[in-house]
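What follows is a pair of forms of the same protein chain, given separately as structure tokens and numbered structure 1 and structure 2.
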Structure 1
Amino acid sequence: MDLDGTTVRSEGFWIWIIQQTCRDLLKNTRFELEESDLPYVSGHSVSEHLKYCIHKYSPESTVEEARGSYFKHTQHEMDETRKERGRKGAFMPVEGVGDFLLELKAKGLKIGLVTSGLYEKAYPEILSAFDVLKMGLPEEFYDCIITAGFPLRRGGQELSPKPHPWLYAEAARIGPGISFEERNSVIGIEDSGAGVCSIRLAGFPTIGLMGGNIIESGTKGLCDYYCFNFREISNVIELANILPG
């Protein structure tokens, strides 16, 4: 299942970081993103978000320049979060997700967490949410956590983000060890159009969760199920008989 919007409420925070980056590029501290920008600055990779903003607002800027600003703000805010003095309410668990995750564990299901975000921004999010839920360390709970990698500035690589199928395909193989031939024993859960496409391209049945941009992106028709909350998703899993053995 997805991180931002599905497991943790954080989209507003990351859109704010994108806005801060645009303010740097434009040298305008009053710049505000428009509502029409929102589907293009969430649910994709950092580079895709920044490319969109550059094309629309700052065509003379480069992606490298924008990434430098973005990661400057990200590093500062993540450091503040680790010191427990970060932006209040930036990373909160989605309503009902704690009970849902514990219910899946009790049934013996394996759970993978998937995000197009880089590790340095994704891990503090889920750690903060697990702290609120009092569920311990996320790496001890999940069977795998798949992120888009590490920032280029550290000599790492930002791997193919959603809607590319790599992240979800990797989660199935690395965590539960499920082959493509067994793909119908997997269900992917997403709240974004890019994520829905990623799951479907990976070959897995897909549950859409209300609250993201699935409706606005026109991808509801790609979902096998579309649910309003985790109780509905639990019922779908029961009906689909996605249980061990």
Structure 2
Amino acid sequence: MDLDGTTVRSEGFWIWIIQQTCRDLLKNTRFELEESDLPYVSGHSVSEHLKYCIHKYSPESTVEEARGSYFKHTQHEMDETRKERGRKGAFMPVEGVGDFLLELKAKGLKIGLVTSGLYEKAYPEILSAFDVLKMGLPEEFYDCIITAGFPLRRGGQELSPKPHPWLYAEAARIGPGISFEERNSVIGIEDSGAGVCSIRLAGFPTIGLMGGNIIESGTKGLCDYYCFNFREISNVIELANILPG
């Protein structure tokens, strides 16, 4: 199951970071992204978001310069979040996700969390959401948490492996130990087009969740189901009769 957008509402925060980056590049503290920019500054990789902004607003800048600024802001805000001084409401659980996760747990199903983001970005997000939900520590709840790992300083690199299948394949194999032959006992849940492709190419049945960019990215055809909320996803899982691992 995906983190950003599916488990935690964080889109606004990450768009705000991109806006801060643009302010640095333009040396303009009042710069605001436009409504029309939003589809291009969310749902893709950091580099793609930044390339879009450079192309539109700051053609003299380089992606490396933008990434440096982006990760400076990210690191600062994540440090603040860890010290409980972060932006209020930056990382809120998606409506219904807490009950949904507890329901799966009560059924004895194994749950993995998968994100393309680095650990240092992902962990404060999920920790904040679990705090709101009063669900304890994420690492004690999930059977596995798969992230893009740690940055290789200098420069702060970030992998963006979705829509490649590696992260989801690893989540099933390394965490719960499910082999490829048993792949139909896994269900992947995603709200983004890249995520849907990643699950499907890993060979797992795929549920798309409304709210991300599945429709806009033209990837609904790769979803076995497209659900409007977690209640609908629960019903699909109930019908699938997936047994505890």
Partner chain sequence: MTLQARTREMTNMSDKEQKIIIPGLGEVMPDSGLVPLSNCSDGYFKTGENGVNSIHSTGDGKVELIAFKGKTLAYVNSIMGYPAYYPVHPVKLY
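Residues are numbered by position in structure 1's sequence, first residue being 1. Everything numeric here is computed off the predicted structure, so don't read it as measured data. C-alpha atoms forming the largest set that superposes within 1.5 Å between two forms make up the rigid core.
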For this session: Name the structure that matches the description of the form predicted on its own.
Result: 1
For this session: Note yes or no: does the Cα of P205 move by 2 Å or more between structure 1 and structure 2 after the core is superposed?
Result: no
Exercise. S47: CA shift of at least 2 Å between structure 1 and structure 2 after core fit?
Worked result: yes
Exercise. Has the Cα of K56 moved 2 Å or more between structure 1 and structure 2, judged after a core fit?
Worked result: yes
Problem set entry | Displacement in Å of the C-alpha of E35 between structure 1 and structure 2, rigid core kept as reference | 4.4
Seminar exercise, completed: For R67, the CA shift between structure 1 and structure 2 after fitting the core, in Å, is 2.5
